[in-house]
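The chain below stands alone, shown as structure tokens; this is the form predicted on its own.
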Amino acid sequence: MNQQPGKLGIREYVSIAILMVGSKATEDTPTVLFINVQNAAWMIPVLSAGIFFIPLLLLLKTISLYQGKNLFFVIQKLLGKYIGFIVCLVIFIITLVGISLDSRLYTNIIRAFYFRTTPILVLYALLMAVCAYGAKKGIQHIGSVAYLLIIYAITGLFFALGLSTQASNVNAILPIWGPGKIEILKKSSQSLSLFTDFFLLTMLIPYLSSSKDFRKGTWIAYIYVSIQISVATLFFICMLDQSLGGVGYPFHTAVRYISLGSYIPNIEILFFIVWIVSAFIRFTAFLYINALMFGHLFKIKDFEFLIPSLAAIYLLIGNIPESQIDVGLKLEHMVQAVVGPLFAAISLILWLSALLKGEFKHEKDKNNM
């Protein structure tokens, strides 16, 4: 593959996207989906992906009019300097709060299952310090590490899911439609936040070797992660059945009960190593994108210097809630309920603005010349 120096190739970009979005299968997402629609929870990721497909398609078509430009440039170009700035600022703030709460969730997982005597603040500070160090290295280094790790992350997840079949019951997915088709469709439309990370990934367009690689890589990752989250949720339903609704982190619960026979009874540490490195890559990429947003908003060229400060803000916001319930069931889910429809609406508004301004017609005329 011919890749420009200092640019992300399609392999690195797809690896980052899968680690950022696909990791939802290993946190509390399957539990939340199960609480919503019981044993039909495995359908939600695929149906939500189908619904979010239209806004994402329109967003990519709109951004393709401005070759090599990121999301914030396109927003300010189409909505004007002042309205565009406000919209970009709202996206930045929501992203900042959402990532802060999400990173706190990961810290809770680490403490609950692996380092029970270590203070939350210490674990959280270490997570942010490692992510800040990685983000300072640049998106190219993040992409390279993600590409090296992706095969182990995918293999580890499906290996764990395969071993979980030792204690699974396929009948747990019956009745197949759970609470009913209407309820499933309703909850699917309310779960668009599963895929809103793809909205944020458009900030990386200038760092890819070509816009074509970005579009192709986005659809590859989009299809894959929707299947991965769906399959993982299905396996957790079969393994845990009705108890899934009371298990905060089903992946980590599952790996504690699987084994490779009597000689290797406890293998969760192997999955933990791959999972924690994947988490580092995920939040390192988020931190870099957030710094990039702030730099674009306030015309700061060397935005990399903002990364340690943003990591400190993550730490401060994430430490505001005093318990896991506050993080997992209240604040984080409130943000997720808003961010999906909001990002979908922004995508539609940008497409309509470009259409009304004749941008698509101009592009078509330019290509015909």
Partner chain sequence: MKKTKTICRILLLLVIVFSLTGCWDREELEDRSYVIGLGLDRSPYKGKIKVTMLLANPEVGSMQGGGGSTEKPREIISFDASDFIVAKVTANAIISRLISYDLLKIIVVSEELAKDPNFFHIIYGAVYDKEIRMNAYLAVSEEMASEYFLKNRPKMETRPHKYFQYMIEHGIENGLIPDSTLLRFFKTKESGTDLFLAMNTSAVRKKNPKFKGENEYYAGQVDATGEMDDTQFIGSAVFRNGVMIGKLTGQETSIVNTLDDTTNINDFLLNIPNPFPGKQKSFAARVMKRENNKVKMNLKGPGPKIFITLPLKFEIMSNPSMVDFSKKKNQEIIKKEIARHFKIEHEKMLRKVQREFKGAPFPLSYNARKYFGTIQEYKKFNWNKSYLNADIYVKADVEIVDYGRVTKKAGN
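Numbering follows the first chain given and starts at 1. Everything quoted here is computed from the prediction, not taken from an experiment.
This protein has a second form, the form predicted in complex with its partner chain, left out of what is shown; the following refers to that one.
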To verify the annotation, which of these, Thr31, Thr62, Ser48, Asn39, has a non-hydrogen atom within 4.5 Å of its partner chain in the predicted complex?
Asn39
Check each of Ile273, Ile86, Ala167, Ile227 and return the one that places a heavy atom within 4.5 angstroms of its partner chain in the predicted complex.
Ala167
Closest heavy atom of Tyr82 to its partner chain in the predicted complex, within 4.5 Å or not?
no
Applying a 4.5 Å heavy atom distance criterion, does Gln242 contact its partner chain in the predicted complex?
yes
Contact label in the predicted complex: Trp219 to its partner chain, heavy atom within 4.5 Å
no
Using a 4.5 angstroms cut-off on non-hydrogen atoms, would Gly180 count as touching its partner chain in the predicted complex?
yes
Using a 4.5 Å heavy atom cut-off, which stretch among 206-214, 67-75, 110-118, 189-197 contacts its partner chain in the predicted complex?
110-118
